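In the form predicted on its own, a lone chain appears below as structure tokens.
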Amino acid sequence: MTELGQSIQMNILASLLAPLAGALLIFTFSRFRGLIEVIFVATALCLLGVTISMVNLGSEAFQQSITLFSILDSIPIAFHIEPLGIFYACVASGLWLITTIYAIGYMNANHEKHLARFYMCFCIAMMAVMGIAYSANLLTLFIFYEALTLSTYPLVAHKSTDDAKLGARIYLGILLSTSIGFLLIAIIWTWQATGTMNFTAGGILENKLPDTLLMLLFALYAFGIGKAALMPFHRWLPAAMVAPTPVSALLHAVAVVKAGVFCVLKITVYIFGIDLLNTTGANSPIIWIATATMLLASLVALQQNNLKARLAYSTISQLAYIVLGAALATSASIMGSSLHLATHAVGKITLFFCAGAIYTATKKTLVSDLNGLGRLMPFTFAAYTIAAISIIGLPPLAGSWSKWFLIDGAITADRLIIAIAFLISTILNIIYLMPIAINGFLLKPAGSNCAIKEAPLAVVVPLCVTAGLCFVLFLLMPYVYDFLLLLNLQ
């Protein structure tokens, strides 16, 4: 093995083993609350450091596969680094570090129990995320995809109330049934048709199946990746809102949903290839289903008075942006979807952090109860406002980049109606997100609320940092764009 190959292998193994080691250490020292919190943060720091070292390996490391072992001669458990995967790993590991600090502050302020189990599952979930990011073939991706589902189930059920148990059952039931009933079938079918499961630049399905069967196969992947939350397989996401807010942030910004749309993107680019989708029309049904999901979820969000529920349906709509960009299968739309992995992540994690800060300080969960709180919690509501504007897609905030490319991708694909749908969705974003900020700052707080103040620093500082990232990412986008051009989509 070359020196570069050894570096790739060491870094990939470190990405998987660092979170696992953190989980084992937390289990070992579970009685020492302060120590497990230190281990939790140190694990996140270690993972981020390893991920950054991956980037430093350079483009010559891309597409070099590292095999751990083989189940059969033609089906290894293998990993590689490529532009989309390393980008997703950077987003996930960077935001996980911030989430660990927020989680410690939130869990302590709200006197939550079973912290060791909570932190352990967080670590194992991040190990699964890294496995997904670096998967070199469909089997490896599927194994870590399922590991992510199983490791986050205890997090959804953490409170152990009847509602939490019901929400966790819905979460597990939908995600397992879609992955086994659709995704696994799609993977086996792909293997039978091509003789390989490897992610390959340009795809592996050309001249392997008739156009109608390609359409069915693409639909099986899109629905089988239930974490992408396409309707009608979206109910797990609002059901999971019974979990503590750090879990919601993990589900909606760092790990689960981003793993779903990342898988859709990776399969689109490396299994089908955008040229094949464009020439066969196999993407057409998913284009319309994703468009319907984008608009319908926004309409449902408008009707939600519970803040986390409103944000949950907002997430369903925003995930559909990414799936829709993948299904449009143009260079611009794929770029827009890839950028939206990051821009939505920093915006939505901020919104959920803000929801958790409001709950920690006030115990309020309803949008109708938040009037005037911006005057009492200015940092939290300022961060909320910045993140909301980024999600809406206005400069100088990160979300403007990804929405621009998505709309451009729709126009490039000669689908003007889809470009109009993006604009309608943006208007709906404004309607369901901005009144919370406007009423928070412009209305007077009720008399009983006047004693309210900001949540503890460990809760407020992370949300200020992620709000700041909405600006920083806007400035860094040209560099991210240049990096993602290595996908060779032109």
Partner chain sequence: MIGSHYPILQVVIPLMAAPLCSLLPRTKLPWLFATTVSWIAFVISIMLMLKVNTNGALIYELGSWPAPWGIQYHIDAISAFVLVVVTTVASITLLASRQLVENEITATKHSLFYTAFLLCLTGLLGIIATGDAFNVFVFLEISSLSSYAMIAMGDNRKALTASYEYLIMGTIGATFILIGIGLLYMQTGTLNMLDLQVRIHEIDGFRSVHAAFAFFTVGICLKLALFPLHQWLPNAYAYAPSVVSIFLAATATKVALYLLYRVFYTIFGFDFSFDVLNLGYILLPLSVIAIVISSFTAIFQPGVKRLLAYSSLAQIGYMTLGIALGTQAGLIASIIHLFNHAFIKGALFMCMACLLTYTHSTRLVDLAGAGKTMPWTCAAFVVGGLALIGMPLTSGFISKWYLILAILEKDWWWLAAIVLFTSLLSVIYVWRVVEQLYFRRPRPECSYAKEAPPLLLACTWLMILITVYFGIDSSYPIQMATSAAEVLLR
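Numbering follows the first chain given and starts at 1. Quick caveat, the model's predicted, so the values are computed rather than measured.
Separately, the form predicted together with its partner chain exists; it is not shown, and the next lines address it.
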| property | result |
| --- | --- |
| Its partner chain contact in the predicted bound form: His114, any heavy atom under 4.5 Å | yes |
| Contact test in the predicted bound form: Met197 vs its partner chain, heavy atoms, 4.5 Å | yes |
| Close approach of Gly181 to its partner chain in the predicted bound form, 4.5 Å, heavy atom | yes |
| Heavy atom of Ile287 within 4.5 Å of its partner chain in the predicted bound form | no |
| Heavy atom within 4.5 Å of its partner chain in the predicted bound form - residue from Leu176, Ala292, Leu302, Leu366 | Leu176 |
| Residue among Leu172, Leu341, Ala239, Ala413 with a heavy atom within 4.5 Å of its partner chain in the predicted bound form | Leu172 |
| Among 151-159, 231-239, 376-384, 405-413, the region lying within 4.5 Å of its partner chain in the predicted bound form by heavy atom distance | 151-159 |
| Contact set, 118-155 vs its partner chain in the predicted bound form - heavy atom within 4.5 angstroms | Leu139, Phe142, Ile143, Glu146, Leu150, Tyr153, Pro154 |
